[in-house]
Structure formats: C-alpha cells, structure tokens
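Encoded as structure tokens, the following chain is the form predicted on its own, with no partner shown.
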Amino acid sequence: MRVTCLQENLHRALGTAGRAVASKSTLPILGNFLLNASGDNLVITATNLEMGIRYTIPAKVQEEGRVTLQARVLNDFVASLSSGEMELLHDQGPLTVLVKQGNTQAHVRGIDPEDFPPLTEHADEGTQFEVDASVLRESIEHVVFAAASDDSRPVLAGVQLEVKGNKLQLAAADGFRMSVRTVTLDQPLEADVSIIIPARAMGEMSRVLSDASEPARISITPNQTQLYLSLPDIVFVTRLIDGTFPDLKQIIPTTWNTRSIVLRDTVLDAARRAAIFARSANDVVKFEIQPPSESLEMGQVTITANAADTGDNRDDIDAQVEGEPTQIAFNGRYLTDVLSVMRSASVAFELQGANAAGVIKSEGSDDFVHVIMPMVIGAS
C-alpha cells in the first residue's frame, strides 16, 4: 500500500470512525482501524462488533492495499501533524506502515487485515427509506436520553424506530420517563417497520449526522438484525435488539385535568435552579399550578425545592393555565433533560393529578411528547 491524502481529511475520518473502536476487548484487532486503499479512495473502517463505521476520503493511491493499525496511536499521531498532504506506505514488512509528512515520520505496527471482522452488507435486499439528516439527528436527541442506562431490560436500553406509511416515530423509555418524536417522510413505505436500536449506537449515529447535508438513507436487513445508515462518505452499521417495545398507547395519557403553558427558557432556568437544592433531597422538584383568578388574567406555576442540609428556593412563573389547581413533583434531573432538548418557545404541561404521569410537549404541536412519572410529595 502506498497512498497520499490530506491530513485534515484523514484526521476527520479517524475521529468519526474512532467512535466505533472497541475501548476494551479480548480481540486486539478491534482496537485497530482497517485502512483500504483502492481506486481514488482511502477507506477507514472500525467496529466493536456491536456497531461499525466506514469513512471514505479521496486519496492518491500509488499502490493498492489493506492494513490494520492501532487506532489510538494512528489517530493521535495524525492529529499532531499539520494540515496538508501526508503519505502512508508499507515499510519493514506487511504489518508495518510508515506514516510521514515532510521531515516527520513514524512506523506504526499493525495486525493482519484478514483477521478484521467484515462489515457485511445485505441491507439492499431489505427495507430502505430516506430521511433528512438534520431532522433525524434532532429526533434522536429528543428521545435517546430517555433510554435506560443499564441492560437489565434490553429493550429499554434501546430506541424504537417505527415507520407506518409516511410517519417515522422514535421512542425511548426507562420505566420512569418516555420520549416520543414523530416526523414525516417524503415517501411512504409500503410495509410497516418496527425495530429497536441500541441507545448507545443511536447516540453515535447522531454525532455521525452532525455535519451531514445530504439525506440519510436507512437500510434494514431482511432478517431485521442490522441497520445501515448511509451518507455520501460514511456508512454506519449497528446490530438491532430483539424484543418487544412497550405499547405506547397504554403509556401516553390522553386526557388532562390541568394544562399549563410556559416559556421554555423560563421554566428550564427555574428547573435548573431547583435542581441545585434538590440534589440532596432525592432530586424532588415540586410544581404548584394555579389557574387565573378574577383579579389576574394569567395563572401561575410555582417551582420549588427544599433540602434540610442546603436550603430551599422558589420561582413563580406566569403561565396560561386551564383546569384545576394541582401540585405534583418531578425528578429535577429528568425535567432539565427534556426541557434542554426541546426547541419550541413555549411548552405545555398536561397533568391528571399528583399521582399520575404527566405529559410535556411543545405548545401547539404533537410531534414531540414526553411522559414523566411523578415523585411522592412528602408531608409539609
């Protein structure tokens, strides 16, 4: 192998593909990048067997070839170089590559590329559809934080992707909260799709999409064991979780007794302040909602937190309130999590009472729905 490419292109590719490198593995080759030089391209691939990323950059290929190199060593060395052309070539045997730029060079040891796990592709025979990359990235951010952080219930450590007609829906839940985001596809699918993607893979997919300007193509293998996300220069693949996701219709409340609309930034700031005092009190943040009175046109949402060892705080927020006065408590961290990812100017809180799940959604839209379980309010 002998190939010349731009340092900035290789650095970007290594940084992106590096998200799929195994940090700890009994297989040393999973800590390596596979570099494949052919035609006018250099292809960098990494996998941890759960997910994989393949990144293609333009290059001048004098001699085609394949090699695997230690990911951390190669990434750190390339990052230390200046922008401009650099060269990679076999030297001192087939498992050593000379990486050089100007008067700087390094020999990097590799492992036989035949041992590198292939990113097999059979997705062309399965379900395929396209979605706007920025919309998909935002949708992932709206739900992935609500997935469970442990694998005790594998389906809850994933994100459900469901397509019916031209509606794509992402959902995640951990037993205490659930986020659901719905977007419209340009082209409807003939057959319905319902799969579960590991939440960690979804988080990495969101990062891969961060600089994408072209539509993203999603392909699902016929046996529904893998998903491929394809962009002009990047292919992202992840395994899928086998199981049945909770029935959303049984979880999302359809009625409310109290509905309040508040400015998102205002309630987020108040929730963050309350969370400071709630840290040592099981993260309990209390909401007291009062509808307008005869003398006041606006209702009020009062957000408080109280901890014996740190103190207390209170924020009174003007709000549009319909229905009955009520009190409810939420986990302060969960509140800031959901309010931080929302983009609408105003948010609606729809509540049935102190002991029933509450709904948070963008005001005037049902494209995003968040369900959050209440916490027990102690006696005052």
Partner chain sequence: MSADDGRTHWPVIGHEEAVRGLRDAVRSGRMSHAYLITGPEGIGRSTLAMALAQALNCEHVIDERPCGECDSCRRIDHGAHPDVTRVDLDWQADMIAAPRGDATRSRQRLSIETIRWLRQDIVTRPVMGRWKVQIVDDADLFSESAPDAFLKTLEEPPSFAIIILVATSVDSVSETVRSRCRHLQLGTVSTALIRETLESRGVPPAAAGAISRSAHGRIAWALRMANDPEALRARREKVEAALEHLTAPLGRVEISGVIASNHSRNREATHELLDLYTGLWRDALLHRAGLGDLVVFPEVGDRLAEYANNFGVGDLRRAVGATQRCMGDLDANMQARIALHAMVMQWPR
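Positions refer to the first chain, counted from 1. All of these numbers come straight from a predicted model, not from anything done at the bench.
The same protein also has a form predicted in complex with its partner chain, omitted here; what follows describes it.
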State yes only if every one of K164, S179 and H370 has a non-hydrogen atom within 4.5 Å of its partner chain in the model of the complex; otherwise state no. no
Let me know the one among L185, A275, I261, A157 whose heavy atoms come within 4.5 Å of its partner chain in the model of the complex, would you? A157
The one option of Q300, N306, Q224, T127 with any heavy atom within 4.5 Å of its partner chain in the model of the complex is Q224
Residue contact check: E190 to its partner chain in the model of the complex, 4.5 Å heavy atom: no
Does its partner chain get within 4.5 angstroms of any non-hydrogen atom of E114 in the model of the complex? yes
Do R137 and its partner chain share at least one heavy atom pair within 4.5 Å in the model of the complex? no
Distance check, D151 to its partner chain in the model of the complex, heavy atom within 4.5 Å: yes
Of the listed stretches (211-219, 83-91, 266-274, 233-241), which one has a non-hydrogen atom within 4.5 Å of its partner chain in the model of the complex? 233-241
Heavy atom contacts to its partner chain in the model of the complex at 4.5 Å, residues of 8-47 in sequence order: K24, S25, T26, L27
